[in-house]
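Shown below, as structure tokens, is a lone chain in the form predicted on its own; questions about how it binds or moves come after it.
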Amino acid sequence: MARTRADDYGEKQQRIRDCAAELFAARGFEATSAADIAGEGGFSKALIYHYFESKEEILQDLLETHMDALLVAAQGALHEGDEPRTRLRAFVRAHMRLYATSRTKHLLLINELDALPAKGKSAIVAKQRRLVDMAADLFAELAPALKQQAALRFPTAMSFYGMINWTCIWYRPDGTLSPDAFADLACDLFLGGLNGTFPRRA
């Protein structure tokens, strides 16, 4: 007969995830041990290995969860409105809302992806590519010339992600700009340029 899970199974597993994410982001994946995670959370190493086979599996779980949330949010944003500019604004807002609430996971995605085994890294990269393809399709709607210059689709989308992905380093959602306000600023800057975003006034 299969063992039934304890009522607090999910809660304990999430506690391990949260502690590991904070330590991986603060110290680096390689510099963090299972003993460090256990000490931070106030539980035993044995408990960690009850839920995860290794710290690599914890990192994989954290990045998979983050990417899946981004994909769901981004896909949903593509159905908001008929105009490509409206959908792009919703698309970027969806990203920034998650970046604002999942800063630690996003730092891990940027800094620790190479710590995963090749197969696990490939799975994450495939999901990243799906997001980039969504953005590239949106930009092709906004600038039809991209449809004739396929070689520029990927660089255009990646340039845009270069603008918003590193916000996890400096952006604070309790600062002067809300996640939605920053998303709108990013869209305006990318689509209109600096002068188009901030027109000179006499």
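Residues carry their position along the shown sequence, with the first being 1. All values derive from a computational prediction rather than experimental measurement.
FYI, the form predicted in complex with the DNA isn't displayed, but the following is about it.
Heavy atom of each of K45, H50 and S54 within 4.5 Å of the DNA in the predicted bound form: All three within 4.5 Å in the predicted bound form.
Residue among Q149, T65, S159, S33 with a heavy atom within 4.5 Å of the DNA in the predicted bound form: By the 4.5 Å criterion, the partner-contacting residue is S33.
Heavy atom of K12 within 4.5 Å of the DNA in the predicted bound form: Result yes; K12 sits at the interface with the DNA in the predicted bound form.
Segment that reaches the DNA in the predicted bound form - one of 173 to 181, 129 to 137, 66 to 74, 35 to 43, heavy atoms within 4.5 Å: Result for this chain: 35 to 43.
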